[in-house]
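As a starting point, one isolated chain is supplied in structure tokens, in the form predicted alone.
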Amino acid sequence: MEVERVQAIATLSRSVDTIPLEYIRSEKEQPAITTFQGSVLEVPAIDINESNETSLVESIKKASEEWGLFQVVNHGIPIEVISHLQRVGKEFFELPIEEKEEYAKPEGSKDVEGYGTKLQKEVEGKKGWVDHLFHRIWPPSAINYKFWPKNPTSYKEANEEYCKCLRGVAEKIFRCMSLGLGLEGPELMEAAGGDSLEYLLKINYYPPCPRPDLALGVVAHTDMSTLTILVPNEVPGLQVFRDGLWYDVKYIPNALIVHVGDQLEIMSNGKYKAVLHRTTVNKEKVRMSWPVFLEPPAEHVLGPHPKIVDDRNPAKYKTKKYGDYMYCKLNKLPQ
């Protein structure tokens, strides 16, 4: 049961130098073996308040093509808004397990919303060293407040405040990515769902792990979303696969981390690259992150944007409903 899994992690995080076999990754995944030692990866850091739009578009285009990942600085979201989001999220995960379980994903639900949900099928029964909470924060029509914690009492206020600020940042990034493909500014976001685009928040909570050399928080994956915009805490853990190796990503205080997701790779017909990434855990400290996945509604149809495909540049990806794409990916079926 999910409760048993969460309780096990909480108990095991206090153990000394031992974790059960189901948390030990194979040698081809173990961080101690597969992480490049000696340097962290300085992914592009982009000042989104750059006054020269042509320069900003080029920076985001290049990062999306070559990295699939960049960090946004000078984004305009007040530090106190991000700190409030982090504080209430941390306070929720420090509650007793029984109180957190009140927000658990309902039995048999096909959606991801809820506490402690397990997203992907794992190979060979392995588990990630992580607990999490999913709920949508935008648009209002997609929000189900029963998955929003009532304790701490300012949880709702903090999330709404952050979402209000985040939407402006997301729209600016989409505009630049659209222009980078030779499209009009609004066209890429419209193709992704426009006003119906859903902002799905996930809070990842990684307790201290006695053997961080053997375990992973989240296994290697690309995000299904269009964009993912993430707030980390100060404990490093994000790794990116590049040139055949796993690299730690340098933490930049107050920056937002932006991932290109599968749907942007599809819509750009492969020009923008979805980034393969994973997360490691820490022996002494709690690591947390707050990714927001910008997802089309399940019935929304996506494919390579018709304005960037022709006889010389044929479509490299199928056009399909986002819900069908999700089903295939989560169940490891061919697309």
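Just count from 1 along the sequence shown to find any residue number. On a predicted model such as this, the values are computed, not experimentally measured, just so you know.
There is another form of this protein, the form predicted together with N-oxalylglycine, and it is not shown here; the text below is about that form.
Residues 163, 172 and 198 are none of them found to lie within 4.5 Å of N-oxalylglycine in the predicted complex, as judged by heavy atom distances.
Here is the short version: of 221, 90, 105, 156, the single residue with a heavy atom within 4.5 Å of N-oxalylglycine in the predicted complex is 221.
Among the residues 238, 191, 260, 229, the one placing a heavy atom within 4.5 Å of N-oxalylglycine in the predicted complex is 238. Proximity to N-oxalylglycine in the predicted complex, taken as heavy atoms within 4.5 Å, picks out 284-292 from the listed stretches 299-307, 53-61, 35-43, 284-292. N-oxalylglycine in the predicted complex comes within 4.5 Å of no heavy atom belonging to residue 126. In the predicted complex, at least one heavy atom of residue 204 sits within 4.5 Å of N-oxalylglycine. In the predicted complex, none of the heavy atoms of residue 268 sits within 4.5 Å of a heavy atom of N-oxalylglycine. Taking N-oxalylglycine as positioned in the predicted complex, the residues of 267-282 that bring a heavy atom within 4.5 Å of it are, in sequence order, 277, 279.
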